[in-house]
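A single chain, nothing else alongside it, follows as C-alpha cells in the form predicted on its own.
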C-alpha cells in the first residue's frame, strides 16, 4: 500500500499550515508552489480557485474531526473521560505544535470576509462539535457524573468557546501551558460536586 502523500494532499497540508500562520488572506498559490515545489498551474489543476482549495481543506478537516470524535465514543463510554480525551488531544497538539489552533476556530474569526462556500463548512464544523459536546454533557448529567449550571446545549457552547479561547490564549502568550491553565478549571467545574 502506498502511503506517500499525493500532490493534492501536499497542497492541502501546506495550505493548512499557511492558514494557521496567517489566515485565509495570508497566503497565495505562489506561496504554496514555493513550499511544495510545484508550479502554480499544478495547484490550479487540483484546486481551480482558492475558494475550492480552502473549502476542500475545511471539509476534510471537519470529516477528520468527526471521525476522531466518533472514535472517542467507540473507545470510551464514560462521558467525563471523553471530555478529558478531547481536551487532552488539543493540549498535546498545542504543546508539540502539530496543530496549535483549530483551523475552523481561526477561520470563524474571519467569517465576514470568507467566501460563502468556506463559511458553510466552518459553520458545519461548529454545529457538529456543539452537537457532540451536548450529547456528552447530557449523558454525563443524566448519570450524575457531571454538574451542569445550565442546559447541556448552553454548556456545550461554553465548553467549546473555552477550548477555542484557550487555544488563542496559548498562541497570544506563546505559551502552550496556558491551554491547560484555562481548560483545567473547566473540567473541575463540571465535576466539582463529584470530586
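Not measured: the values here are computed from a predicted model. Positions refer to the first chain, counted from 1.
FYI, the form predicted together with the DNA isn't displayed, but the following is about it.
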message: Let me test this: is every residue among 134, 159 and 191 within 4.5 Å of the DNA in the model of the complex, going by heavy atom positions?
response: no
- prompt: residue 30 near the DNA in the model of the complex, any heavy atom under 4.5 Å?
  reply: yes
- prompt: Closest heavy atom of residue 41 to the DNA in the model of the complex, within 4.5 Å or not?
  reply: yes
query: Any chance residue 48 has a heavy atom within 4.5 Å of the DNA in the model of the complex?
result: yes
field: Partner proximity in the model of the complex: residue 37 to the DNA, non-hydrogen atom cutoff 4.5 Å
entry: yes
query: Going by heavy atoms within 4.5 Å, which of 150-158, 48-56, 125-133, 63-71 lines up against the DNA in the model of the complex?
result: 48-56
